[in-house]
Structure formats: C-alpha cells, structure tokens
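Just one chain follows, in the form predicted on its own, and it is written as structure tokens.
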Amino acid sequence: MPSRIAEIRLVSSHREVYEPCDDSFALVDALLADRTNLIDHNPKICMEIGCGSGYVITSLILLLKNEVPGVHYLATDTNPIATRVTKETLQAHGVDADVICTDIASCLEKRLAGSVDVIVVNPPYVPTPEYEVGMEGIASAWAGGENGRTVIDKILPVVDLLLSEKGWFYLVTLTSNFPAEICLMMRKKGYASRIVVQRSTEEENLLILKFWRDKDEESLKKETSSSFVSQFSRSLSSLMEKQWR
C-alpha cells in the first residue's frame, strides 16, 4: 500500500539544506490529523513557503492525490539548493509541484493573490541575533531574529494576500515566538485559529497553528485582546496536560 506521507529514505539531502526533524514531523502530523477536513475542503491550489528538503510538500501531495484530483501544488524557498533538493524528493516519490526559488512568494503575489486554498509554513523560528536572518545556506532555515519572529512577521501579510476566501494556513511556531500574539495579529485581520498539534521535545515546545477566515464580525468586535490571549493560554495548558498524562 502506497505511503500517505513522504518516506524519509526517499527524501533527498544536502549539507546546506534543512533535513526533516521534529518540527517537520509535527507539521505533517497536523496535516494527517486534518486529512479528512482537507479532503472535504477540496483545495485547488496548495503551497508550501520554505520547502527545504521537500518532505512536507511531498507529504501533502501524497495525502491528497488519490482523493482530490486536479490540485496545483507550489513550493518556494530562498535557498536555490533547497529547491533542487525538493525537486529530487518529489521525483523520488513520483509526484510533482512547481518549485520556485524566491523570497517567501515575491514573484507570485500578484498572480496568486486571493487564490491559494492551503498554505503550509515551517518558518525560521529560532530566536537569533538579527544579523543571522537571511544568511545564505542552511542558516536561513532556522535563523528567526528577535523572539524568532522576524521572518514569521514578514510571512503573515503575504499569507493574508495569497489565501482564498476559504483558505487555510498551517504554521509551525515555538512557545518562545509568542504564538498567542501571532494569533491575535491574525485575529485582527479577520482570522480564527486553533492549535492542531502541540509537541514538547528536549529542546523546544512546538505548536502547529491553523488559521482560517472568520466571517463572524460581531464576535470579532466583542473580543478583547486580553480575553483572546487568556483563551489561547487555556487551550495550550489543556493540550500540555493531556500530553503529560
């Protein structure tokens, strides 16, 4: 029986490209957990920003290809070696996507504005000195600047531009990225959110967030920043308690 996600033994690699790790696995697990919803969602365009080795975009294609025909898949990365490695990973699994070397989606924004139904992002989220952000090679895969938010905060408005009215956005974050603040920023743009996966490792506490457009304007008007953050904190505490039981 064909695998529903990418096989590690078939994922290409290079010393200057980020290999699949806990964050990659957590993001794919979030897509697996949401697979039935994704199939019902019937996306026409799916995109990964920051594709690295190609493990995530390949897994997304394999998750949907037998159930949702005719989907156009795209993947971008600022590292030209990563785009080559992603193409090799896709080819090894017998699937295809348009792979583009660009900063976030800089050459695609006008053409794809308001048309992408699913966006997945495992961004550079590690808190680092600002001068490390955007360095060439593998450092670009993890260097996130102050609070690990420099690249994330650049990605969010691009995602808002690209997403269709029914669009979904999956984002990898650390608790040190202040995810409640990220969700609040997106809330002010009209998005609801939830934690799909929470995973603690020896080195970090990962959260996979999902965002979608919320048409309940009355709820948005009534909601205060403090009440939103409190609700997020309760959700996170509940998930962490379940993990440690």
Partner chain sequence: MRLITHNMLSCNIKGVANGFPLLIEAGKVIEKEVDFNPDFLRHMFAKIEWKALVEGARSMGYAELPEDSPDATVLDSDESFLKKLHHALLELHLEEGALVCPETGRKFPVNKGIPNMLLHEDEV
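No experiment lies behind these values; they were computed from the predicted model shown. Residue numbers count along the first chain shown, from 1.
There is also a form predicted in complex with the partner chain; it is not shown, and the following applies to it.
Chemist: Given that the partner is absent here, does Met135 sit within 4.5 Å of the partner chain in the predicted complex, heavy atoms only?
Modeler: No.
Chemist: Please check if Pro129 has a heavy atom lying within 4.5 Å of any heavy atom of the partner chain in the predicted complex.
Modeler: Answer no; every heavy atom of Pro129 is more than 4.5 Å from the partner chain in the predicted complex.
Chemist: Heavy atom to heavy atom, is Asp98 within 4.5 Å of the partner chain in the predicted complex?
Modeler: Yes, Asp98 is a contact residue.
Chemist: Can you work out whether Leu112 and the partner chain are in contact in the predicted complex, taking contact to mean some heavy atom pair no more than 4.5 Å apart?
Modeler: Taking the distances in the predicted complex, the answer for Leu112 is yes, it comes within 4.5 Å of the partner chain.
Chemist: Looking at Arg199, Lys189, Arg35, Lys44 here, can you tell me which has any non-hydrogen atom within 4.5 angstroms of the partner chain in the predicted complex?
Modeler: If I apply the 4.5 Å criterion carefully, the residue I get is Lys44.
Chemist: With the partner chain left out here, work out from 119-127, 147-155, 75-83, 170-178 which stretch has heavy atoms within 4.5 Å of it in the predicted complex.
Modeler: Comparing against the partner chain in the predicted complex, the contact stretch is 75-83.
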